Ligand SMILES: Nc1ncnc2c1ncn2[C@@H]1O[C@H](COP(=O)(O)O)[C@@H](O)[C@H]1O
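In the form predicted alone, a lone chain appears below as structure tokens.
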């Protein structure tokens, strides 16, 4: 299979890192009070998906899970060149951990249809687990390439360079496959004027917009509610606490010989008695 490819990219709306987000009584983030943004790590996955479309041909489908406002990032994805989007939105998904999230996304992916490649961000800024992509690959019984920072396709075969401790590793596999894209990959290109204009026109016509972005719930994707949300999440937040700003002073010692600077540091930091003892 040399293309065109059916490409899925998973994206998520997260609290804006520049805004203050409170916590709910159960320890989860109060997303309603926080400003929202596309997960920064997912921007690299989106660029990878669009690269495949433009280089090898195909169609890109963006999939997201979240409350209704998450449709904003699907509109943003359309502006960048994505062909269609699916939003999984259901109150029963609230407080899902990575296991429940991967299950819900697995049901969504199988509902959307056939694919050749799935791209995911490395992790999310609100969870930082880097677990959902690999868990989804396991549920779909797919080969997976994690921490991928570059790749190319050759007659349906994926050749990738991935980050490992102390260096890089070159791997290859046959599609279909799932790839989590590292933030050392190419940054997301700017939106095109044509893409932005197209989305603007679609927003003025809800009926036409519905042809490009569809919202589904657990019943539509035939997911078991007992395996979603808080009920399906073995990970429990036992307690949370606010960490205050670190205090203290910092002094710089420079312009002297190392032994003089060390002596001055010991003298001024009251470490002499400790070192003698």
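What you see is a predicted model; the values in this text were computed from it and never measured. Numbering follows the first chain given and starts at 1.
Unshown form predicted together with the named molecule; subsequent notes refer to it.
Contact with the named molecule in the model of the complex, defined as any heavy atom within 4.5 Å, is confined among 77-85, 169-177, 192-200, 125-133 to 125-133.
Of the candidates 38, 63, 223, 52, 63 is the one whose heavy atoms come within 4.5 Å of the named molecule in the model of the complex; the others do not. Taking the partner from the other structure, the named molecule in the model of the complex has a heavy atom within 4.5 Å of a heavy atom of residue 105. Taking a 4.5 Å heavy atom cutoff to the named molecule in the model of the complex, the contacting residues in 101-120 are 101, 105, 120.
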